[in-house]
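Two forms of the same protein chain are encoded below as C-alpha cells; each is given separately, as structure 1 and structure 2.
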Structure 1
Amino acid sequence: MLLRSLGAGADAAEAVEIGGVRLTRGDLLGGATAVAERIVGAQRVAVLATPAASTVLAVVGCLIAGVTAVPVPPDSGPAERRHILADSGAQAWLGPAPDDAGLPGIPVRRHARSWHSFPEPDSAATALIMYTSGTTGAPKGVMVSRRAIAAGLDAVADAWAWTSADTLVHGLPLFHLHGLVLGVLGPLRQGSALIHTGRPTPEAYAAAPGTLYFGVPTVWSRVVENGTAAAELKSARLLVSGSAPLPAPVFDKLAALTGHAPVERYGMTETGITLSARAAGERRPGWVGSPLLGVQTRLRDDDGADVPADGVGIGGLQVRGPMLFDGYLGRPEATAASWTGDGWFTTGDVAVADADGFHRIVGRASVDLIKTGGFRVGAGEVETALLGHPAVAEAAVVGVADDDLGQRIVAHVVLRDTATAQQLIDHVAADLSIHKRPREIRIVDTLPRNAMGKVQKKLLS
C-alpha cells in the first residue's frame, strides 16, 4: 500500500496541519476517499497546488482512486498553465481552479467523508505528472509511478531513520517532488505527522515543533541569518537540505547554531532522491552523500569513458534505481535521449565520487538550466517569453551566482524599440510563474557570439 499509514488504525492521530487546518488520519482517509468517489474512472486531473488542505485531499484522493494527478503551480502565468493543461490532457480541475479555468471543476469538500474501500491500484500506474523545465522549450511532464514513489520514500526513510515517531516540518511548494512527494506523501507512508508552514520562513520553522525539517538551501541560508530562529531548531533530530547546492559556509553556520550538521541529499524530478548523507553517517559540507537503497551511479567523461571514483575525477553523473521516472509524457525522443543505450539515466549534472561512494556535485553540464531558490528554470523558456515582446530583438538568459538564491535569473536583452526593464519583467510575468521572472534585465548593444553565431553565455555573468 503506497500511503500505508492511512487505514492502518489510529484514526485519531494527527496527520497533517496545513493552512491552519488540522486533519487526523481518519479525516484524511475519509475526506480523500470522498474525493476518490467523485473522480474514479477519470484518467488525469489537474490540481492547483496551493499550500492547503484541499491540495492534500485532492492528491491523496487521486492516489486512492488510481487517477493521475497533475500538480499545477498556483502562481503560474496563463501561458504556462495552458501548456500544462493541454500537454497533460487533464480532464478537470480537482479542487479550487484559477479564474481562466479552461476545464470543468470538481469540488473538494473538506468535510465530506466516505468509508468506501478502493482496491490498491497497480503499482506501475502513473501517480503524478510533474512539469519541469528543460534547457529549451516548454516544460515537460515527468511521469512518476506509484512504485517509484514507494521505492524513493523507503530509500530516504532508510537513510534518515525516518519513522512514525517523527514530525516533519516544511513549507515548500506542493507542485514539486521535494514538497509534495517527500514532504506530503513521505509522512503519509511513514506514518509521521506533518506540519506544513505555508511558506518556509525561519520564523515559521522555529515555531513548529518537529523532529525532521526539510528545506532548500535558500531556506537554510535565511535560517542562519536569524540566530533566534536557528536556536529553536536545536531540539530537532535531523535538518535535511536538497534541491540545490548548500554552500559550505551555510552548512557550517547551521551546525554551529543548531548543533545539527545538515543532511544533504541530491535528486531530480526525473530520478527522485538518489544520493544522501545518512542519519547515522558522515555529513560532509559540499558533498551530497552516497547512493540510496537500490541506487547505482557511475561517472562518464565526454567520450563515454569511465571516470574512476577517486575523489578527484570529474564526470557526467549517470544513475539507475527503482525510484526513477517512466519518461516524459508524449515525448519519446526526449525520453530516449536522456537514457544511455545500456539503461542509465543521464542527469546532466557533473560530479566527483570518492572510494567510499560519497558524491560531490560540481555543477551542471549546461548553463541553460538555472536553479534559483531551488526552482529549476530553463533559460530557453524565459528567452522565448522575452522574445514575445515586440521591442526585444535578442535575449540571453543566465543564472548569476547569488548568496540568497544560489543563482538569480539575469536577462541580457538587445532592443529594437524602447522598453523599460520593468515592462519586460511584467511581460514574462504574464506568461510564466513568479520565480521564472528575471530579477535583473541588462540592456546591451550586442550579445557575445562565437564564429558560429552561438551566444557565449559563459561570458555573461
Structure 2
Amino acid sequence: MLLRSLGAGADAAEAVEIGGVRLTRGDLLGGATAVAERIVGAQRVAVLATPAASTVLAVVGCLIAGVTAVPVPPDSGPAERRHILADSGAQAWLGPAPDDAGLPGIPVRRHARSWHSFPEPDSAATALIMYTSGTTGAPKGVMVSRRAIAAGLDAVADAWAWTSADTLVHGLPLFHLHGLVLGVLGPLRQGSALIHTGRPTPEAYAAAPGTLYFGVPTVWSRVVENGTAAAELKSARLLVSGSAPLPAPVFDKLAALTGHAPVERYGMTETGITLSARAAGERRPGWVGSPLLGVQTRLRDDDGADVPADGVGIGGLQVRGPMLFDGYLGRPEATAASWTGDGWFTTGDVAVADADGFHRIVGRASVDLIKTGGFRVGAGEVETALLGHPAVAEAAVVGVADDDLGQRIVAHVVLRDTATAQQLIDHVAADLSIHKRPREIRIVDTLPRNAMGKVQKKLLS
C-alpha cells in the first residue's frame, strides 16, 4: 500500500497540520475517501496546489481512487495553466480552481467522510504528472508511477532513519517533488506527523515542534541570519537541504548554530532522490552524498567515456534506479533523448565523485560548466569561494561567450557590505586556481530565483 500509514495505527493520531487545519489519520482517510468517491472513473484531474488541507485531501483522494493527479503551481500565469491543462488532458479541477478555470470543478469538502473500501491500484499506474520548470521550452509533464514514489520514499527513509516517531516540518510548495512527494506523501508512507508552516520562514520553523526539517538553501540562509530561530532547532534530529546547492558558509553556520550539520541530497522531478548523505554518516559541505538504496550512478565525459571517481574529474551524471519516472507525457522523442542506449538516465547535470561514492554536483551542463581558456570550471566552486568573502551575501557565476577564452567567468554578486570588484576577483584567485577567477564582477541588488529558490541563470547575461 503506497500510503500504508493511513491503514494502520490509531485513527485519532494527528497526521497533518496545514493552513491552520489539523487532520487526524481518521480525518484524512475519511475525507480523502469521500474525494475518491467523487472522482472514481476519471483519468486525470488538476489540483491547484496551494498550501491547504484541500490540496492534501485532493491528492490523497486521487491516490486512493487510482486517478492521476496533476499538481498546478498556484502562482502560474494563465498561459502556463492553459498549457498544463491541455498537455495533461486533465478533465476537471479537484478542489479550489483559479478564476479562469477552463474546466469543470469538483469540490473537496473537508468535513465529508466516507469509509468505502477501494482496491489498491496497480503499482505501475501513473500517480502524478508533475511539470518541469520549462527553462528550455514549454514545461514537460513528468509521469511518476506509484511504484517509483514508494521506492524513492523507502530509500530516503533508509538513508535518513525516518520513522513514525518523527514529526516533519516544512513550508515548501506542494506542486513538486520536494514539497509534495517527500514532504506530504513521505509522512503518510512512514507514519510520521507533518506540520506544514505555510511559508518556510525562520520564525515558523522555530515555532514548530519537529524532529525532521526540510528546507531549500534560501530557507537555511535565512535561518542562520536569525540566531534565535536557529537556536530553537537544536532539539531537532535532522535538517535536510535540497533543490539547489547549499553554500558552504551556510552549511558551516547552520552546524555551528544548531549543532546539526545538514544532510544534503540530490534529485530531480524525473529521478526522485538518488543521492544523499546519511543520518548516521559523513556530511561534507558542498557534497550531496552517495547513491541511495537501489541507485547506480556513473560520470561520462563529452566523448561518452567514463570519468574516474577520483574526486577531481568532472563528468555528466547518469543514474538508474527504481524511483525513476516513466517518461515525458506525449513526448516520446524527448523521453528517448534523455536515456542512453544501455538504460541510464542522463540528468543534464555535471558532477564529481570520489572513491567513497560521495558526489559533488557542479551544476547544469548548460550553464554551470564553464569552458574557459582550455579549462573546465564548475560555477559552484567559484560561487562558494565568493561566498567566503565577508562582503558577499549571494553569488551566481555564469560563462559568457568570449572570442579569446571561449567563455569568460562572470560573477553576479549581491553585497552585504562594501567591496570592490577587484577585491572579490583577488579573493577567488587566492582561494582557487588563478584560471578560476572571475574576469568580471557585476554588482546586483537581487538574483532572479524561481519558487524553489533556484537561481535562474538563463536570465543572467
Ligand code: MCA
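Numbering for residues begins at 1 and runs along the sequence of structure 1. Quantities reported herein were computed from a predicted structural model and do not represent experimental measurements.
Annotation: structure 1 represents the form predicted together with the ligand, while structure 2 represents the other form. Hinge residue for the rigid-body motion between the two structures, chosen from 256, 389, 345, 366: 366.
Think of the chain as two rigid blocks: between the two structures, the small block swings through 141° with respect to the big one.
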